[in-house]
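Only one chain is included here, represented as structure tokens and corresponding to the form predicted alone.
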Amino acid sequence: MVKQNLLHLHSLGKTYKSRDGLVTALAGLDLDIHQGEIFGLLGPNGAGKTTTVKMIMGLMRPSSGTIVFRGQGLAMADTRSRFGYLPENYRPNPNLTVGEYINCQIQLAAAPEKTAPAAELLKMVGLAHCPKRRVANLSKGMGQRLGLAQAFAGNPDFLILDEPTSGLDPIGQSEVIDLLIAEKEAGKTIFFCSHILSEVARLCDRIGILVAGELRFLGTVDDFLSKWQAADLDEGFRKEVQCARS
């Protein structure tokens, strides 16, 4: 069965100047994200994962290449009205209460009438007990849950999550994994970056592995394990990175 492409990246590249000269953060990335899948983008620190996410979201201008969503090219200034986004370093307004913040995000959403009420969004991420608590008084894990709630505002078709379980304890990580599986079953498409390979193995239909701005692997977890004859994703990942750096 042919998969329908939701997002297409063609020769996407990013270079910038530094004191050491021209640095390539991403080198001509070609990547398709399929409708209804969970896709995991992996790589060591500095591989280009967050750079890729920022360019998809229109927060950073590509040096080269194109981004196509549902057959339409996206420029930097174009709105991403059907995207839900959780950035790597999520910093909500500390002066609002949890409830005020989520209500604000619902109003900012492209289709607020399609969004679940704030109370339902907070319940979804385990924050139903603290709508009146100030954002400034949340723990890191609770702040991450709030970030997930705002990503769901507007009932987006496509979720882009950069390290979605960062700062969560093992129970919280498991709850988020279950939530993402439920979102996929509801028809959502999820693109996420993570350093926690056990959750990648559990969640992803396909993975891509970036090393030094280059896509080294694209396919299923099983195909990747077969490539390296690895017992688990951690072992295969180490071998892939070591091979790329040798």
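Start at 1 and count along the sequence shown; that's the residue number. Think of the rigid core as the biggest set of C-alphas that the two forms share within 1.5 Å after superposition. These numbers were taken from a predicted model, which means no experiment stands behind them.
The form predicted in complex with a small molecule exists for this protein as well; it is not shown, and the discussion that follows is about that form.
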### Query
Does the 4.5 Å heavy atom contact test between residue 225 and the small molecule in the predicted bound form come out positive?
no
### Query
Using heavy atoms and a 4.5 Å limit, would one call residue 46 a contact residue for the small molecule in the predicted bound form?
yes
### Query
Can residue 163 be called a contact residue for the small molecule in the predicted bound form at 4.5 Å between heavy atoms?
yes
### Task
Consider residue 120 of the chain shown here, and say whether it contacts the small molecule in the predicted bound form, taking contact as heavy atoms within 4.5 Å.
no
### Query
Only one of 34, 184, 206, 195 has a non-hydrogen atom within 4.5 angstroms of the small molecule in the predicted bound form; which is it?
195
### Message
Just to confirm the contact call: exactly one of 175 to 183, 196 to 204, 22 to 30, 217 to 225 touches the small molecule in the predicted bound form at a 4.5 Å heavy atom cutoff, so which is it?
### Response
22 to 30
### Task
Please say whether, between this form and the one not shown, the C-alpha of residue 231 moves by 2 Å or more once the core is aligned.
no
